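Coming up is one lone chain in structure tokens, specifically the form predicted alone.
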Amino acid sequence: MLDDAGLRALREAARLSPENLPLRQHLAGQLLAMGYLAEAEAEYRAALVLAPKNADITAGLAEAFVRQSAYGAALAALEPLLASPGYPPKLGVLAARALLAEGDTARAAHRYHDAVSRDPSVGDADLAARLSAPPVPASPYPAPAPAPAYPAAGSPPPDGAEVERAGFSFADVAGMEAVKEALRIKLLLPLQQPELFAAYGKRAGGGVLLYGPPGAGKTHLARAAAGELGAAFVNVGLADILDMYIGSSERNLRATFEMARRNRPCVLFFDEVDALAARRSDMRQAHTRQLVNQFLAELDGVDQKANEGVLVLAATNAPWYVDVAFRRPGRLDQPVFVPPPDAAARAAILRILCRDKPLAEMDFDAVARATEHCVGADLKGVVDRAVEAKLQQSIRAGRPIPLSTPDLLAAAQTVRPTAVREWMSTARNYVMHANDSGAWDELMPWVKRKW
């Protein structure tokens, strides 16, 4: 509800004269100036229907989006005009603000300096200070197609999916050598040695589906892959995509891929991907199938180079629920099993978990033998419990007391690694009774073990 009588009068006048473009544009500007951002967005949208190529109206709509933190929508609104030579410089400054907010400093600096070089009056001292970089060339990767704007009835992309920088690499991931090697060949080496792979027609990019029991380190491995490359990392959760409004989930998914393409090389990680890529044959509602269709379309890209430099990693505990279309070559065509760690890997994980703590002489191999069937998350729980007990002793003693092997062994007695047993039981049913295609042959040696 608008509190200002003048704005209410303007809105009523616009209602009575809906084709009056100057009046509607003036109302939108007043709403924006007074902070009624959602109302300003709606008025600018209505004005754009009357004048689709009006740069001032587009700038106002983009400003409303930026101030609502809907940076992807702002860039989508600006993209058609930015693609034209001689676009108004103020649009370049708006684009720079949105790009910087999404973490794309290089393209933001390029847009800003290009705009200011053509019209110094549009300069923004605060933005220039935040960029603090000379003009840089545009990205060598092809520009992504503009994403559609968001409808007033729906909601902009959630703020949860953000561009990160991983602070560790494969050296910080204990064990899983076969998994790391599969990721190197499939995803990392084409970026690290592009000339060699180009000779065989292999492009940088692609997708891998990581699957295995809960807590085995799939997310940790994805972050390490980004750190190994020095690439951007985008961790996509269900809340970042799913929306109550029909069509908004698909737009959120598209906006997420657009963000990854603007920040390439980039590792785009989808956790619990079976919720976004479930079998369409199990779905009763058309709009849920549309989300799967959109996901497949984004993996394919609009052309051969659309996803070049975008590495898609997806993780799931239930790969048998993922639609078979995702395993087509060029998509998530290489399922990689992330197994529970063996004794040597458990010892290595414990060393990494304890390396920043005061330690007495440790026998990590003994603790590893006492934690059979534990995954990485279980081992972290063991260390955390041992640390809590040792902290209580240290508080009473008034000094740090080193962590010892008996502390870890005592904590290990309190952990019950049921997740692996339950997962293997479920996997056994699929491997033994629903594996006509041979998709789960890799699991055969594992499910035959005693858990």
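Just so we're clear, the structure is a prediction, and the values are computed from it rather than from any experiment. One rule holds for the numbers: they count along the sequence shown, beginning at 1.
From this point on, the text means the form predicted in complex with a small molecule, which you will not see here.
Looking at the small molecule in the predicted bound form, residues Val173, Met176 and Ala216 each place a heavy atom within 4.5 Å of it.
Contact with the small molecule in the predicted bound form, judged by any heavy atom within 4.5 Å, is made by just one of Arg254, Lys380, Arg331, His373: Lys380. Among the residues Val367, Ile349, Ala98, Ile241, the one placing a heavy atom within 4.5 Å of the small molecule in the predicted bound form is Ile349.
Heavy atoms within 4.5 Å of the small molecule in the predicted bound form belong, among the stretches 117 to 125, 75 to 83, 292 to 300, 207 to 215, to residues of 207 to 215. When contacts are judged by a 4.5 Å heavy atom cut-off, Leu353 counts as touching the small molecule in the predicted bound form. At a distance threshold of 4.5 angstroms between non-hydrogen atoms, Lys90 is out of contact with the small molecule in the predicted bound form. Looking at Arg130, you'd find every heavy atom of it more than 4.5 angstroms from the small molecule in the predicted bound form. Contact annotation: Arg327 falls outside 4.5 Å of the small molecule in the predicted bound form, judged by heavy atom distances. Legend note: Cα of Gly103 to Cα of Arg184 is at least 3 Å closer in the predicted bound form than in the depicted form. Cα-Cα spacing of Leu311 to Glu102 is enlarged in the predicted bound form versus the present form (difference of at least 3 Å).
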